[in-house]
Every structure is written in structure tokens, then in C-alpha cells.
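This document starts with one chain, in the form predicted on its own, laid out as C-alpha cells.
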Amino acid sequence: MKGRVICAVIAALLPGIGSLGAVPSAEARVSLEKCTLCHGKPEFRKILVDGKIRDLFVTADTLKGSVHEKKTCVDCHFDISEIPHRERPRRIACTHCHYKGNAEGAPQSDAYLAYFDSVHGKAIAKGNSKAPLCQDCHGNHNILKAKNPEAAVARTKVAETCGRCHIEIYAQYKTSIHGVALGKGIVEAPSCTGCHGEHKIYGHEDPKSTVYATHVADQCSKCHASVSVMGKFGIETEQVATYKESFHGVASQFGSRTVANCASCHGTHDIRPAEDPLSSVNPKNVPKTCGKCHPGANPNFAVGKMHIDAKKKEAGIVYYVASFFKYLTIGTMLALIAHIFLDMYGRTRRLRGEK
């Protein structure tokens, strides 16, 4: 199945793949000067059928500072062998250079294989022309390294990049606690790739997805269980442990996909602090949030602490009840062991004929 998907995506990326062997010789390669006869004009653009304008203005300065700074036009547009070109150039196939073992100097990575198996790659394989390819996320002429703050896939920019297609989700994320924090330059705050992954992005109903129902708690725990990360912002890490010890957490670890996880209560892209009136865990909204699973939830659901650590006195009556049953269990086990020992001792004496 995976092989068929890869073949389909390669076919989508490389239409007319059979003609790739006929790469122009050095003498026949189109020079930059010839390309800029048209593309070097600032007003050179095309109006698409949907009314959008595609800017076709490109000069030698366009590539300066990018990872492809030393490349020429036909290194990527290798299907162009004459000027003017009679046919519209095919979409760039980054896999022409970006594969493990390449001799072009491109990063030695199999990331493109992960893309083929992702939700985006499968959409391309099914003929969805709107599904993103490499250049839709990384950029076209102005591709910068991910560590560069100005890169389209930089940690502080990637949400905006994803938002070009996922507009409504981006709007929710932008005003969430994570989006606001990232907007303030707090790089520890998760962006799209922090939760969904980079090239290995799967649909949320796919068991391989990092946001699959039974994986959500573990994904959130990567940050929220880290003392070094949460400690910077004065946020407790006990929520992770208390959830995993709760009924919801135990059921989730046993594979339940319907039991509540972090996102069920706190939200997904629109996570807000509890004091925010729009937060799903704001005391006024808790009955409605809990009511999604517990019909008839009333204001009493919002009374008391949500994440309770039964080992701490701050848990109130829960701590004392838990302590009572703990010591009751220990006492019962000790009494049982003593009973068994005394019984064995008595039986041994009787077998020896002792009185």
C-alpha cells in the first residue's frame, strides 16, 4: 500500500517523468540573463482563474541568502530548455535533489519518504491539487534554513505558514494561550509542528498520529511534564501525573478512544487559561464541557480542584479517604500474613505431635 502511495505521489510531483533523462547539456542550459528578460520585469505577473495574482518577478538577487543561493534557474526548472518556453513549467520536484544519498549537496534525509505517507502526501496521490508540496511550506525562491527566524518553517512562523490553508484553525490558535505566548517570542510554546509533527503529519483518526485520541496525553506531556520547561513560567507539572492516575487516564492507557483526554477538556487549537471567560475549563463553562460526556452536568462539577493529587493534604477529604484506605489495606495485608504465619506454625507443631 505504501509503495503505491509513493509511486502515485512521485507521479504527481514529476509529470512526464519518462523524459527526465533528457537533461540539457551545459551548452544548452538556459542562462540567467535570458530568464530575466521577462522575469526581471517588476510588472511581470499572471492573473489566475480564481482572480489571484501570481508574481513572476525573479532576479539574481531573489536567491541571495537562501539555501539555493548558488543554484541557477534550470537547476530546479530542469524541464525548461528554451526561451521563451512554450509550455508552462511543471511544478518543482524537490525530490530531484533531496533524497538520501544524493550527490547534489542537499541534506541527507529521508524526510520526503515521511511526506509521501503523510496526510498531505496521500492527498496529492489522490489528485488533490490544493494539497501542499515542499515549496508550499518551505517557500520557493526564498527558502531559508529552519533555524533562521525569518524562514517560513521557523518555530515562530510555521503557524502562519500552515494558516495559509488552515485559516480557521490558525485564527483559533492565534488567540490561544500557546499562540499568544509564541507571539511574544516564547519559543518553548508549541506551534503546529510541535503537536502534529513536521513531515510525518497524519490525520487525527490515524493511530500513527501524534494527536490520535490515545496519544494526546503523551504529546501534551512532552512539555507539561517537563520541570525545566514549565518551571520557567511557574506552571505545575503535577497535572500530567494526576491525569494518568485518574479514571480517565487509566482508561486512556488501556486504549479507550472515547474517554476524556487533555484536549477533551482544555480544547485543541483554542486552549485558553482557566481565568479566561472563553476557556472551556473556566468555572462557568465546566458544566458544559463535562456535559459533553456526562449529560446533566451541573455547577457542582466546577466545585473543587480538577487535577487532584491524593498524596497531598491539599486534596482535602480525598487525601484522608485515600490515606484511610491505604493504611486499611496495609493493615489487612499484615494481619493476613500474620494469620497465615501463625496457622502454618500451629500446623507444624501438630504434625510433630507437640502440644
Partner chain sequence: MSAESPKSAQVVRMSLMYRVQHLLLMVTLLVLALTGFTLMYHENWLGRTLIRLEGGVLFRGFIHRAAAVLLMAQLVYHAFYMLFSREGKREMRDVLLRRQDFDDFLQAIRYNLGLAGEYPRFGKYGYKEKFQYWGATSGVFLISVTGVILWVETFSMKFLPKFVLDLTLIIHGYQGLLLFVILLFWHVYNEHLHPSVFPMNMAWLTGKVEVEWLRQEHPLEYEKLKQEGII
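Here the structure is a predicted model, which is why all the values come from computation and not from measurement. Positions refer to the first chain, counted from 1.
There is another form of this protein, the form predicted in complex with its partner chain, and it is not shown here; the text below is about that form.
Scanning K34, K312, H39, H294 against its partner chain in the predicted complex with a 4.5 Å heavy atom cut-off leaves one residue, H294. This chain appears without its partner; in the predicted complex, the one residue of A274, V119, A251, I186 with a heavy atom within 4.5 Å of its partner chain is A251.
For I47, no non-hydrogen atom is located within 4.5 Å of its partner chain in the predicted complex, even though that partner is not displayed. Remark: K288 does not count among the residues lining its partner chain in the predicted complex, judged by a heavy atom distance of 4.5 Å or less. With a 4.5 Å cutoff on heavy atoms, R90 does not count as touching its partner chain in the predicted complex; it lies far away. Mapping the unseen interface onto this chain, I308 counts among the residues with a heavy atom inside 4.5 Å of its partner chain in the predicted complex.
At a distance of at most 4.5 angstroms from its partner chain in the predicted complex, all three residues F247, I340 and M344 contribute at least one non-hydrogen atom. Taking its partner chain as positioned in the predicted complex, the residues of 307-342 that bring a heavy atom within 4.5 Å of it are, in sequence order, I308, A310, I317, V318, V321, A322, F325, K326, L328, T329, T332, M333, L336, I337, H339, I340, L342.
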